[in-house]
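Just one chain is shown here, as structure tokens, and it is the form predicted alone.
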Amino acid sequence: MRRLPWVSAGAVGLIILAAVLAPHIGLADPVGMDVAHRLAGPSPTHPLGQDEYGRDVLSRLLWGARTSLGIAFAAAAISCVIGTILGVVGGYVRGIAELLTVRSMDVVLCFPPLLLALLVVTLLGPGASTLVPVLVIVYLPSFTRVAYAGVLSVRGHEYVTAMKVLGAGRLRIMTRTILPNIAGPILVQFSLAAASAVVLESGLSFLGLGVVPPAPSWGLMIGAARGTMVQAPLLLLWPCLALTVTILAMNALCDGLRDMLDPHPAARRVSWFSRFRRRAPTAPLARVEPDTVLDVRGLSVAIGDPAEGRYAVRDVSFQVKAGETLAIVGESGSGKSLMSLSAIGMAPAGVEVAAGTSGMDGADLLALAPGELRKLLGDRIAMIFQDPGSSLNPVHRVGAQIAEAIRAHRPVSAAEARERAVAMLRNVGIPDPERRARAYPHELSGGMRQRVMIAMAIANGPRLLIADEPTTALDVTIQAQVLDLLAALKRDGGLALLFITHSLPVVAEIADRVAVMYAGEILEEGPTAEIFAKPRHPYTAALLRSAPQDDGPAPEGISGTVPVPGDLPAGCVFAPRCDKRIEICDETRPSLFRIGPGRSSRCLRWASL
């Protein structure tokens, strides 16, 4: 973390202090005239001299600071608060809210700021009471657009999705997760707006459309000094110098505060999140076995309008039982992560669940109202994301994030939640948990961050844990530790684990059953030992051949690439890359055949394999 910018903070503090104390430090009357001594130079009585009416320049300079800074700070603060609210709501809620907030500001931007200010002041008349709302209108669009842009860049980050999985509401996400991450750009914009407002107020006062004489203002002082700059050039120097120093000090202070308040070692441009769609149930839930935790049947997920036929997931069915690990394995782009998010009602914006059900405890997760789903997410359902560096909120300490997950679902005090957070860190094997709980995510190693994510996920004792490639970014030693930890949690607590990965060695170590996924379809499913010993689909066999082995032949790559949604082959989706295909494979889309107890394959030639 960076230190407080003492130089700029001291300069701004002195300027504000001088303006505040102006009526109490025995200065001359700022509007009192002494025409006999007009344009007099500096003297013990008047340290900066006297102006064209014999008024004390120092007194008018400090009283002018009260006027100029008061108007500037008031306008910048009001436009900052209103603009940030409009930008955050418009960027997060989208839809009609975006139209009414962000797009309406584009209309204001069509007018040049100075001309807009001149128009309003001309209609309403000059004066400080008119300048504040005028400047608010001028600077409101800039704050709205900065906040809106920040939301658009942050809302897709995994730590925002993680808050959604925890069951947090919109207001909490916008204020606790999104707003701290865009505070830096907003703070910089505040400094620019405040400095610009000082200049604009001075310019309007210079033109006679701002502060009404004889009230002191830096703009009025500059305007008056222009006519006497030959006889008394210092009268022009003092207000210009005060204006320049104030603007530079304010900009430097806001830049320093942005860096100081940002706990990450490098400044970020971060950022925001989108609405989730949910679909009414298409069919009643089928009866399931008592130990089944998650029962997904006929799940189909479309990108955009389902009528356009771009399905990223098609007719996927599986079950996860208590104390069991089901591994979903396949290449990148196969639809594993999208399927898992959609199965728990978390299909992202632009994606729509077109068919299917996802049953848990007798309820269809895809048909629950947002409030009901939030009660389950982070409580009975938890998720671990692939990259803990982006899943954890970088501006909050890890202990506070775990405590927040607990308090979102448990009626406990903040102190008790902190104690439970430390206990969870201890349970997942983090040394010195009290100290680590006070650390920021960037202060921890990759393995520790992943353990923090696991601690947060299991904090409320979930029945289902979805792990989306949780070991991809870790080295093999830390990977083994994380896998052992997950296995212990499943063994001791009867946890149902849905493990998503593309690593077959990881599958062999942790999974009880395997579902092989490709191009949005499950091509083969069965017990792990049987899948590895006798694969019944060419894609499964190709994946096994591509995996490195301690002893045996070198890995063999799979030619070609995974097809994109909306551009699938007419027959088997794997046919263009399959070395076992025959003519019928290019013409017929196979269904999922039951080939034995707990075994299935989507291959027309499974028997011959």
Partner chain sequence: MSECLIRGEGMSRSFHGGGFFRRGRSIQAVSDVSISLSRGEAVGLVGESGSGKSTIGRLMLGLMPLSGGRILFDGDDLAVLDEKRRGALRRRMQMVFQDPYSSLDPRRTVGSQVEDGLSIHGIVPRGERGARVAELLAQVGLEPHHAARTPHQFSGGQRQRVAIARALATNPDFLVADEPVSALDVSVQAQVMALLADLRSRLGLAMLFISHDLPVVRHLCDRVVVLYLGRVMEEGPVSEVLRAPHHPYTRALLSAAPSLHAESRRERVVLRGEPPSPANPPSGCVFRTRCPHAIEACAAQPPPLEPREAPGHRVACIRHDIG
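Note that the structure is predicted; figures quoted are calculated from it, not measured. Under this definition, the rigid core comprises the largest set of C-alpha atoms superposing within 1.5 Å between the forms. Numbering follows the first chain given and starts at 1.
Heads up, the form predicted in complex with the partner chain isn't pictured, but that's what we're talking about next.
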Exactly one listed stretch (67 to 75, 310 to 318, 360 to 368, 443 to 451) reaches within 4.5 angstroms of the partner chain in the predicted bound form by non-hydrogen atoms, and it is 443 to 451
Any chance G167 has a heavy atom within 4.5 Å of the partner chain in the predicted bound form? yes
Quick check on I478: any heavy atom within 4.5 Å of the partner chain in the predicted bound form? yes
When the contact criterion is heavy atoms within 4.5 Å, does A554 count as touching the partner chain in the predicted bound form? yes
With the partner left out of view, is L504 within 4.5 angstroms of the partner chain in the predicted bound form by any non-hydrogen atom? yes
Heavy atom within 4.5 Å of the partner chain in the predicted bound form: which of A519, M163, V296, V211? M163
Answer with one of R420, H157, R513, R463: the residue that has a non-hydrogen atom within 4.5 Å of the partner chain in the predicted bound form. H157
Do any residues of 169 to 198 have a non-hydrogen atom within 4.5 angstroms of the partner chain in the predicted bound form? If so, which ones, in sequence order? R172, R176, T177, P180, N181
Quick one: once the rigid core is lined up, does A415 have its C-alpha move by 2 Å or more between the shown form and the other one? no
Once both forms sit on the same rigid core, is the C-alpha displacement of L99 at or above 2 Å between the shown form and the other one? yes
Does E324 move appreciably between the shown form and the other one, meaning a CA displacement of 2 Å or more on the superposed rigid core? no
